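Only one chain is shown below, in structure tokens, and it's the form predicted alone.
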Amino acid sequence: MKSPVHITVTGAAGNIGYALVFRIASGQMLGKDQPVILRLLEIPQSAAALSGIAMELEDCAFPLLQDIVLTDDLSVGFHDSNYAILVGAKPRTKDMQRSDLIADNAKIFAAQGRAINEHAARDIRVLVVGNPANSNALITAANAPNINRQHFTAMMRLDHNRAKTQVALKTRHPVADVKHMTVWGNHSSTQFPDLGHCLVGGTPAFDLVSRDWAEDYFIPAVQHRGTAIIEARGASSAASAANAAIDHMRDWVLGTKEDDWTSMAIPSDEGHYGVKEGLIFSYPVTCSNGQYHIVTGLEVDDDMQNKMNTTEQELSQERDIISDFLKLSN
């Protein structure tokens, strides 16, 4: 049996956290041979709910679950953490501007970045789920200067999974047949789900679906799927978001399939596909040996480039809003 790893989940008493922690404890994220210690972080007002979740975790008798730490203290929550899934964030309220949401959450993720820098394992891998995820990941990384910047990512896997499912439904193929899907850019309505390199059962997607369908239905459906779910169930995505977080971390740690890739929002430090440096931008990646690698050499036509430029511009604007929080580590 391997030595246990410490996994921090923030916002652990929320809907996504509740859907997430049991799957981590069961081994679905890191494998059936990896013992885990859960470090569940919440605000003081959610302490009672968090204790109830801990009771349920205990009652499941998960063989891999070695310990549960409940806390509202960042230094305790990130102590020796090997993996962190940052779910907790201030939600967007009615009539709230995205710029206001970014500014409010900047304080939360700057503090978490500093705690990671001071208390986490040096090889920690961080996934930011709380929105706006890309900019929150940028803030977290900036405030953890002693941690490898490449170890900070934001979740685009939910958008990736949504895109694959829409293609599967349209073509009447199993989701497993849909490969080489890419969602570029920001986790927002500017993201670009790209069928240009997608395969369905080995056949190019555009041999099975029209470009008009992609433009008029597919891209908007993926971009606005979260809003559609809120309108349908009166609450934002929870189980599907937790599932995507599991998928993201599992592939990052254990590797992607040899004949496929996934979408991850990662630092754009090397300027791949013309994206400016200093953003957290979603690319197609493969993963192996605990590392991700951008899929290079994909052909990008003018229309694709324009869509990528739009989502890049939004990320640049968000970076300007949080610029003060990116200087705290200097």
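The first residue of the sequence shown is number 1, and the count goes up from there. Note that the structure is a prediction, hence the values are computed from the model and not measured.
Just so you know, the form predicted together with a further copy of the same chain exists too; it's not on screen, but the next bit is about it.
Exercise: I53 in contact with a further copy of the same chain in the model of the complex, heavy atom 4.5 Å:
Yes, I53 is a contact residue.
Check A49 for me: does it contact a further copy of the same chain in the model of the complex (non-hydrogen atoms, 4.5 angstroms)?
Yes - in the model of the complex, heavy atoms of A49 and a further copy of the same chain come within 4.5 Å of each other.
Checklist entry - So, in the model of the complex, is N161 in contact with a further copy of the same chain at a 4.5 angstroms heavy atom limit? => result Contact check for N161: yes, within 4.5 Å of a further copy of the same chain in the model of the complex.
Open item on the list: My question is simply whether E270 lines the interface with a further copy of the same chain in the model of the complex - judged by any non-hydrogen atom within 4.5 Å.
Closed with: No, no contact at 4.5 Å.
Quiz item: Out of S188, N117, T256, S240, which one falls within 4.5 Å of a further copy of the same chain in the model of the complex, going by heavy atoms?
Solution: Exactly one residue meets the criterion: S240.
Can you work out which of V175, A103, A111, V76 has a heavy atom no more than 4.5 Å from a further copy of the same chain in the model of the complex? Of the candidates V175, A103, A111, V76, V175 is the one lying within 4.5 Å of a further copy of the same chain in the model of the complex.
Within 4.5 Å of a further copy of the same chain in the model of the complex, all of I37, Y83 and Q223 (non-hydrogen atom): No residue of the spot touches a further copy of the same chain in the model of the complex.
Item to complete: Quick one: find which of 277 to 285, 258 to 266, 293 to 301, 24 to 32 has residues within 4.5 Å of a further copy of the same chain in the model of the complex by heavy atom distance.
Response: The contacting stretch is 24 to 32.
**Asked** Using a 4.5 Å cut-off on heavy atoms, which residues of 53 to 77 contact a further copy of the same chain in the model of the complex?
**Response** Contacting residues: I53, M55, E56, E58, D59, C60, A61, F62, P63.
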